[in-house]
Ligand SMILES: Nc1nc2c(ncn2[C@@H]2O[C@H](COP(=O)(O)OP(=O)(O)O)[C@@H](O)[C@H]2O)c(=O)[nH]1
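Only one chain comes next, encoded as structure tokens, the form predicted alone.
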């Protein structure tokens, strides 16, 4: 999962990025350059599984945070910056609520970001519509396909003009696949990051307090969290507690992104490795197998499945899992649940 941090100059976006990724000592990015930091997804279930299976390797799920170039910067390279922004899975929109006079302006700033993203999307959509209106008049092998695409884009245009979220789930499978190729901003989950001054309460922003288009949000003090991220890892928890911060901002943002993107984790376990895998909620057993390796999906036979909660309830004893009938054999259409522990049977 790739989460892109965007915001206007002066929003503290890069400070937030360094706080989230503990890259406080990294080099300063050049204008237009994108920095990437990888953060492990906090999941105590992975640690518990490792306690019992004692694997040679522990691999938690991971999230990439990208510090994208600031919004509102025109000139050379602007088109390339927008193209890079489209490659992320979710957007974390950072706004300034720490500067004098801006404490109460963050909602307006979030709305302005959505307007700018909608403007970029609308420009792409209108250009494609103009092209298709000409192409559908010609008898070509793609004429019928172009007609369907044109009709779809014209149905979606009012939503783009209004700057509202485009509900991908309302599209048919072939329509959604076609739209994914555009990488529209309005089809990406957007999270709000309200960068507050030291001493102001941090934590989740209530959904009702967010402007339209945002699926979640968090108040964080980028300056304080960056300072904490520079400490030895063993000392960070104590400082967070002293400051009344329940958990690092990265944990909250990752949790919000999982919810917004509709993601879950399942696990594979063994002596060699305990690993968490991330898939969309509702994925079937073959799709989960494919997340591990394409060969497992291609040669899928059955999935041996038991739930983490059931495993924990018997003290992590696999023999008890089997004795209580909690180990199941599932076929291709089984919908994988969060916390499932899978062993894929396959043949290629």
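Numbering follows the first chain given and starts at 1. Treat the numbers as computed from the prediction; the structure is a model and nothing was measured.
There is another form of the same protein, the form predicted together with the ligand; it is not shown, and what comes next is about it.
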property	result
Listed residue that, although the ligand is not shown, lies within 4.5 Å of it in the predicted complex (heavy atoms), from 117, 192, 257, 221	221
Segment that reaches the ligand in the predicted complex - one of 222-230, 274-282, 123-131, 180-188, heavy atoms within 4.5 Å	222-230
Any non-hydrogen atom of residue 339 within 4.5 angstroms of the ligand in the predicted complex	no
4.5 Å heavy atom contact, residue 21 and the ligand in the predicted complex	no
Proximity of residue 267 to the ligand in the predicted complex, heavy atoms at 4.5 Å	no
Contact of residue 325 with the ligand in the predicted complex (heavy atom, 4.5 Å)	no
Partner contacts for 1-18, taking the ligand in the predicted complex and a 4.5 Å heavy atom cut-off	8, 9, 10, 11, 12, 13, 14, 15
